[in-house]
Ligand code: 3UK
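A lone chain, given as structure tokens: the form predicted alone.
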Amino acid sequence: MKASDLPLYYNAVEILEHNLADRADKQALFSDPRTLTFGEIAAEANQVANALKACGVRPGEYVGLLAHDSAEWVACFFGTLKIGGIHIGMNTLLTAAEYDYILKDSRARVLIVGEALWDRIDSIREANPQLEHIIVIGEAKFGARTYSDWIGNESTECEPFGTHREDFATLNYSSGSTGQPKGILHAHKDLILTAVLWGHNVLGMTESDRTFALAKLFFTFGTGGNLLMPFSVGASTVLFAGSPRVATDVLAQVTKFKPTIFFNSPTGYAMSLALPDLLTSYDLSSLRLCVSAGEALPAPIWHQWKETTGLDIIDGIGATEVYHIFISNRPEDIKPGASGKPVPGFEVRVVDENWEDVAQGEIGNLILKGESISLSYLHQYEKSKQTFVGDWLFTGDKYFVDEDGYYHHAGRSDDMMKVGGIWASPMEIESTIISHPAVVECAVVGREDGSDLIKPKAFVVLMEDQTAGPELEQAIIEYCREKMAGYKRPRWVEFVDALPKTATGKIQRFKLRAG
């Protein structure tokens, strides 16, 4: 599919509303508080659209949404798109200062906020006079209207605004794996393009599927995989407002709602595998396919999951700048430890510092081009020039291509280490450490030794039945020495309770380097 295949005037609310002709009464959204049909979601989205118009929101204006995954989140998303507004999916794990930055950067006039997150907004209201309307999903708060009252008297009918397919539809802020978040705009065309290119053509998603993603809806991986892709084929979605870090709660949702496609992070799969009662207490029989993203999936976790559950995990790499995944394994074409091969519709290269293609097996910079790539960062001219170079997106990821054409993630550009004059990939070292039976997960960064030379240091999370100490530290180092070239082995191992991560599961190695 190409953008030119779409009508010139296209509104991505069609991803929802195309279902109304033949499956309006089908249950489309499952969650503990509410279960809705396609028709019910569309009706509530129309009420939101009318309420936004009553607030004076015009096409091209921003509407902030800060709430946990819910039916209301979905209605607000499509209601904003329907009137030509630009939806801001706001990370629910940020601080008040970060929300203040986003609201000022976007100049949003309307903010819809979940009751549980009110306190972080209340403290910055006066600093954002442009914020004219605050709507609370839940109980009323001072100076704000409740969501139920806001939409209660609005019509369930609304005509969609005739947006151009290249009009902006969404604004997401990068997850912060390398520092300050960046505002990334996507057009209406990008939403359906990524649904078709990866959801339809790679995963083979169909109307009979039911998706469940641990990536929350404010993140494009969550919006794409757990909303746009299923709805685009008439499939259903399961929403979960709880923490993705509590494996028992997550697996209870799988048991209860019986999804067929499960989106999780490498950490999530590792946490599930650490449960001694994984298969006896939880029913995974509905799953036909598992997906991993957010961080490269180590081969040991892939093999352990396959051996334990019999299920394949499809790993890939995506970026908010692209909206979704652009290199991926396929259900019938999986190489554990690799990101896979380029998704048709994207052109991918691995280049050196002069933008010349590197030889097979050599590590280089990953660049790509495709029609769903954003044009720039909002209000960040210099950073935009470094990242969006002509038709190409400079991803900041280091990759190499093997003899079979599979792409392998070697780390972020600033994560790479030169040890003894030779480049070392943190991903390779981490994959080896994770294969140790005492380890749940780990992250590797470069640290200076006593001679001011860079050497690998590993931060390790252990299985619950393991005891941290010098003996286990040496055992892990020796294990790595046996499994890989000696210069790659970690020189230090620090045992930690958890690794710093973004809300999407990416390890924040810059925090470990600074620690």
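One-based numbering along the sequence shown. From a predicted model like this one, the values you see are computed outputs, not experimental measurements.
In what follows, reference is made to the form predicted in complex with the named molecule, a form of this protein that is not presented.
- In the model of the complex, the named molecule stays beyond 4.5 Å of every heavy atom belonging to Lys335.
- Heavy atoms of Ile367 never reach within 4.5 Å of the named molecule in the model of the complex, leaving it off the interface.
- Among heavy atoms of Gly318, some come within 4.5 Å of the named molecule in the model of the complex.
- Taking the partner from elsewhere, Ser265 is found to have every heavy atom lying beyond 4.5 Å of the named molecule in the model of the complex.
- Residues with any non-hydrogen atom within 4.5 angstroms of the named molecule in the model of the complex fall in just one of 250 to 258, 220 to 228, 82 to 90, 302 to 310: 220 to 228.
- The partner is absent here; in the model of the complex, the one residue of Ala169, Val439, Ala296, Leu214 having a heavy atom within 4.5 Å of the named molecule is Ala296.
- The single contact residue among Ala443, Ile135, Val74, Ile325, judged by any heavy atom lying within 4.5 Å of the named molecule in the model of the complex, is Ile325.
- In sequence order, Thr395, Asp397, Tyr399 are the residues of 385 to 408 having a heavy atom within 4.5 Å of the named molecule in the model of the complex; the partner itself is omitted from this view.
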